[in-house]
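Just one chain follows, in the form predicted alone, and it is written as structure tokens.
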């Protein structure tokens, strides 16, 4: 493994400001928190900056907030090694902690960076309006040059993808917008505008492509769909997102968002005070790249390159990360039961738990002794077999050295979690059965 540059965040600690200070038993505090109400049914998880961009399977902000407030002190380091939409890191920095998030999904990185380091809202709004005006003028004055830019930027496979999912008119409007966004000199504003651009493509409903269900990671083409004007949709998204960042509270801490794999983190040993994260579902139940590529191709990622990136994700079905590892006996037994019904799915499940063994080892390495890690997980059903992700990941955690302090259960409000939707199956479908609750595993090093 190549040596990576390690990230160090300066710590400014107020020892008197923590509910669960290191002087008390953090294990007792964690166990008590896990026995409480973890549903957060009344929490407005879509309010403000947490609603900048659609993202499937987000947990409510109140969940990481609970553990940040009670298990750390201001100035301490909170890590989410699979940062996703950036919820944990944002909740940490808003409460005076130093947040670190890592991911290898380009859209997750963009969203987390903007959420944790947003631009000045007035500046962003004026720049966004200017982008819209200049895009309109570019299409009026010289549409041919915009079309040439589309032909020049994309390889043949990516062009085929764009032609299948976007009308020619939409492609031209998107390229006109993108050219003006790229001309924005301020990096924070430019990233914010890129996120607004992505947000009009990867949406809960509607959007500017011919696809539906993009936000649920299950796109399907609707040929008769009439796409909305990309420039008009961008202007609407701009206004909405500017209001969201205006409503965001003061950031008392600092954030670092890293392009790094949770199985090989560029962090020092014993440098983190709390980990709160949510690993992906086993067996690719939620395929993030399937939807994310709809906007990422516009940012210069060829579709073939994105397919290769997808193979690097935790739990991908092709092969486990790095060297294979022996799984704890109870975990291997679950894999073997699935294997009697479907060898391919068993291999994918085994690869997932092997990947998670690497993730857990890294989490254990970077966490300080005596401190806590919280993993929010959900189980999957393969061939009708419950893969028991909660118990299996608990076994994996113990195998790498963690002590399991407790395990809480939280019900998933399906609509608010934006789970993948099945268009042809009812509530008895396997995808519905495996996504109704989550387990919150509390660990101590």
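Positions refer to the first chain, counted from 1. All of these numbers come straight from a predicted model, not from anything done at the bench.
FYI, the form predicted together with a small molecule isn't displayed, but the following is about it.
Across the proposed site, 57, 86 and 280 without exception bring a heavy atom within 4.5 Å of the small molecule in the model of the complex.
In the model of the complex, the small molecule lies farther than 4.5 Å from every heavy atom of residue 173. Of the heavy atoms in residue 351, none are within 4.5 Å of the small molecule in the model of the complex. The small molecule is not shown here, but in the model of the complex it comes within 4.5 Å of a heavy atom of residue 81. Contact check for residue 76: no non-hydrogen atom falls within 4.5 Å of the small molecule in the model of the complex. Only one segment in the set 305-313, 364-372, 219-227, 136-144 has residues whose heavy atoms sit within 4.5 Å of the small molecule in the model of the complex; it is 305-313.
Only one of 150, 256, 104, 195 lies close to the small molecule in the model of the complex, with a heavy atom inside 4.5 Å, and it is 104. Note on the partner interface in the model of the complex: the residue among 231, 242, 188, 260 having a heavy atom within 4.5 angstroms of the small molecule is 260.
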